[in-house]
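A single chain, nothing else alongside it, follows as structure tokens in the form predicted alone.
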Amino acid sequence: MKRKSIWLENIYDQESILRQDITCDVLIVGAGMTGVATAYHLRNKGFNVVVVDKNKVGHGISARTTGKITYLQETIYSDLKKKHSLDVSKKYLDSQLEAIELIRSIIEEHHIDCDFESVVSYVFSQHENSSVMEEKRLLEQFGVEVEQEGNAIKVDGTYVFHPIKYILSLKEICKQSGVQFYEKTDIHFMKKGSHGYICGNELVSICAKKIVFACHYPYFLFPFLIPLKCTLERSYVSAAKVEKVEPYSAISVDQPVVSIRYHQDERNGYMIYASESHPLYQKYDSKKHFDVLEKSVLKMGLRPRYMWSNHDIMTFDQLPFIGRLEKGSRDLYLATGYNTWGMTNSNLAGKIISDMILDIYNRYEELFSPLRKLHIESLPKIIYGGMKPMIENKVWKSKKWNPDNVYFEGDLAIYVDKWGKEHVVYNRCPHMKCSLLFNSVEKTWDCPCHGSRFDLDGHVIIGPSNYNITYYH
């Protein structure tokens, strides 16, 4: 079994690293689905666009998703109606339908080979559940055709695809139009300059008039204070070979949530099965959840060939953050907080932000604005979901589940591999100094506060941290 995402299998892409100071009109920080989609919509519009990423294009959170393109998202419309209003619920549905049509039209226009397949989508429960039926009634009120099958509801007009093939195809389209991509290029600082903003690291700098932060979890604290506006959810995903690929995707409303879809590559068919999701800060023993996931797949008579985990940013009001980062500013933009539905919302974010930069009206600008006020009922979530895990982690020391080949000495953490080699790192995330945990399945050092991940030798894989934790003797 491979401890990595199936979407990274047989993916080869030539990388380019920034080695000199440059200037541009628009700098996009983050080359996942959001960043590349934003660049796509800004190409050929008279802007000099640069995209940078600390990793390789598409190799961050976008490579860890299940690759569903659907508007049937558990009971999101009922939830939004209760939390906000009927109008907000309908507008969110419209946004998802438009995002799906946007993806479909791009794939057709450019003849992108990304295993794009039409499927029906289900939301189901293992028992009779009134929330599923409430979702059905609301969708029908909005004009959506919904079928009921027992304790499940079904819609069409949804899809699945290979997210990395799609991203890399968009990258090539952008490059042909002059967009520049630089990988393994960290942004350690940002400051206001006389002609815009200056960003970069100890080796290179980029002068940009406008900046789009499309880096999943923004690495800065001010002015947005994102740790107080969301939590992170961790989920566990597997891919198992199957004889027959079924033309549907499904997700449950029960706990733990179960997500299913199928994928056909050049040789084999797979069932993509995800489960065991939980708030990142609540359960630290990742191996336990991987074991439960593997047993669930084995009970179906299947054997996982790939297993990996993913982090999703969950906003307290269940709406993404897409738009201007500062009031009155037309130069700083943010896109994050997709609440597990990143394939539609990241493509939507690319269109919304590009429209704002191009001074084109977008009807979803206000709905998803990062500057919107939080409701008073979000206060307990801010305390228990945002502040509590950071405070607990700074004083919590017990890591009893770790294997015998992992131990801690002061500020250092040591993993001894099967060849007896010691991998020594600093046991603090550079982002906000939270103590790290060892993921014995994927062999990474993980931050339970905000989701930074580092390889065995401390090189950052996923932010918000922009710095390594490598220890040099």
Ligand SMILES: Cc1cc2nc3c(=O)[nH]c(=O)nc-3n(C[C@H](O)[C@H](O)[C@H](O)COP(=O)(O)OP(=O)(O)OC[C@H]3O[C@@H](n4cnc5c(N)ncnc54)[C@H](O)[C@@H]3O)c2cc1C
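A quick note: this is a predicted structure, and the numbers were derived from the prediction, not measured. Numbering starts at 1 and runs along the sequence shown.
A second form of this protein, the form predicted in complex with the ligand, is not displayed here; the remarks below concern that form.
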### Task
Please check if residue 186 has a heavy atom lying within 4.5 Å of any heavy atom of the ligand in the predicted complex.
yes
### Task
Spell out, yes or no, whether the shortest heavy atom distance between residue 209 and the ligand in the predicted complex is within 4.5 Å.
no
### Task
Would you please decide whether residue 444 lies within 4.5 angstroms of the ligand in the predicted complex, comparing each non-hydrogen atom pair?
no
### Query
Using 4.5 Å between non-hydrogen atoms, is residue 43 touching the ligand in the predicted complex?
no
### Query
Want to guess which of 416-424, 403-411, 432-440, 46-54 is within 4.5 Å of the ligand in the predicted complex, heavy atoms only?
46-54
#### Entry: Site check 29, 68 and 312: each within 4.5 Å of the ligand in the predicted complex by heavy atom
yes
### Among the candidates 95, 235, 238, 121, the residue which, in the predicted complex, approaches the ligand to within 4.5 Å (heavy atoms)
235
### Query
Which residue among 341, 364, 197, 316 has a heavy atom within 4.5 angstroms of the ligand in the predicted complex?
341
### Query
In sequence order, which positions of 452-468 have a non-hydrogen atom within 4.5 Å of the ligand in the predicted complex?
466
